[in-house]
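To begin, one chain is listed below as structure tokens, in the form predicted alone.
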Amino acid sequence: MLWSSAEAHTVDLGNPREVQEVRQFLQGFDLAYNGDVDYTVAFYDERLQIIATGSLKNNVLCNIAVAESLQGEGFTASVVSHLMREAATHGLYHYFLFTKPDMVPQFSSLCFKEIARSDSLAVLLESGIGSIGSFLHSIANETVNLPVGRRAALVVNCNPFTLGHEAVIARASRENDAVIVLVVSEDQSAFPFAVRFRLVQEGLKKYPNVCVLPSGPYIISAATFPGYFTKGQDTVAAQTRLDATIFGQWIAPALGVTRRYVGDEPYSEVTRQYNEALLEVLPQYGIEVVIMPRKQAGTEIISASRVRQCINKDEWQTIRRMVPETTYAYLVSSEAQIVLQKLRTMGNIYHRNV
């Protein structure tokens, strides 16, 4: 079959029949399609059977598959090119691709460069304008004025920033010459990134050896935590180990970090397994992992998820015991009302606890 005779069709993500067709096609490649994408294209033959598909989630190319009978004919390149053109219409020119190790040569031939791999489970590649090298250069420049000596890092979501977060960072500040706090840039939390970043900055002003930076696209992002790729426990293992590997292999050396601090996790199973992955992976790169018990307010463990629950229930006295004054001032301000209303309307569905 000639590719020129294949018909490209933009899948209606709101149409259960079209989505199911794509899902069934991908099952033959052991790929899971959960519909959490922005765009999907399917290519059909003259019998109106799917012969190839691919999807976009922001700038992440995913779920790329070509019928076995057509593999090796250059059709994968056509799917990738189609997705890149679609991304370009949204002003996106830097691309990530998450694939299985045996597929790396095929995508490398399409100018994708490997960033990191998670054992035999998954490999993350990138292409286009921008690279991990340029990102590392930019964040390294932001830390040049920090004190010389031992450096530690934390990766936090702070949804919102609590006294629990501050306690872990305060300990890191005492035990190290400099601390770099990377706030997760991925905007999938109840509190927007701009708000979370500002609250962390405001809450940490009293620590002169602490620098707060956006995490960028390489830490706990849609690229390093793609839920579509593997199944069951393999999903968690691939995601957490890949993220830990990127930090150990790339982020920590660029920042001169030799310690990573985390809070222990009594609530979230995924976060607990993420901590376990850090403990297993980072020492291989000479990075010590320090796990600190969660701070308590009275008999209650402080967590961002608990603060969000209290917002839903208007339990403001409890909230005040769990957050710094800067966070509390924001929460009771008129600026916060849109966010709080959204949180109350949707309920406490946001799963990130860090």
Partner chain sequence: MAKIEKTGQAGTLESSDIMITVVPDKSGIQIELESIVMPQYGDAIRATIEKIMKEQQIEGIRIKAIDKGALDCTIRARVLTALDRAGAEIREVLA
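Residue numbers count along the first chain shown, from 1. Everything numeric here is computed off the predicted structure, so don't read it as measured data.
Same protein, other form: the form predicted together with the partner chain, not shown, and the subject of what follows.
- Message: Please determine whether residue 129 contacts the partner chain in the model of the complex, using a 4.5 Å cut-off between heavy atoms.
- Response: Contact check for residue 129: yes, within 4.5 Å of the partner chain in the model of the complex.
- Query: Heavy atoms within 4.5 Å of the partner chain in the model of the complex: does residue 98 have any?
  - Reply: Answer no; every heavy atom of residue 98 is more than 4.5 Å from the partner chain in the model of the complex.
- Item | Any non-hydrogen atom of residue 174 within 4.5 angstroms of the partner chain in the model of the complex | Although the partner chain is absent here, residue 174 would stay clear of it in the model of the complex, with no heavy atoms inside 4.5 Å.
- Query: Is residue 78 one of the residues lying within 4.5 Å of the partner chain in the model of the complex, judged by heavy atom distances?
  - Reply: Residue 78: yes, in contact with the partner chain in the model of the complex.
- Out of 104, 140, 110, 270, which one falls within 4.5 Å of the partner chain in the model of the complex, going by heavy atoms? None of the others qualify; the residue that does is 110.
- Listed residue (254, 279, 121, 88) with a non-hydrogen atom within 4.5 angstroms of the partner chain in the model of the complex: Contact residue from the list: 88.
- Would you point out which of 256-264, 164-172, 197-205, 79-87 contains residues with a non-hydrogen atom within 4.5 Å of the partner chain in the model of the complex? Of the options given, it is 79-87.
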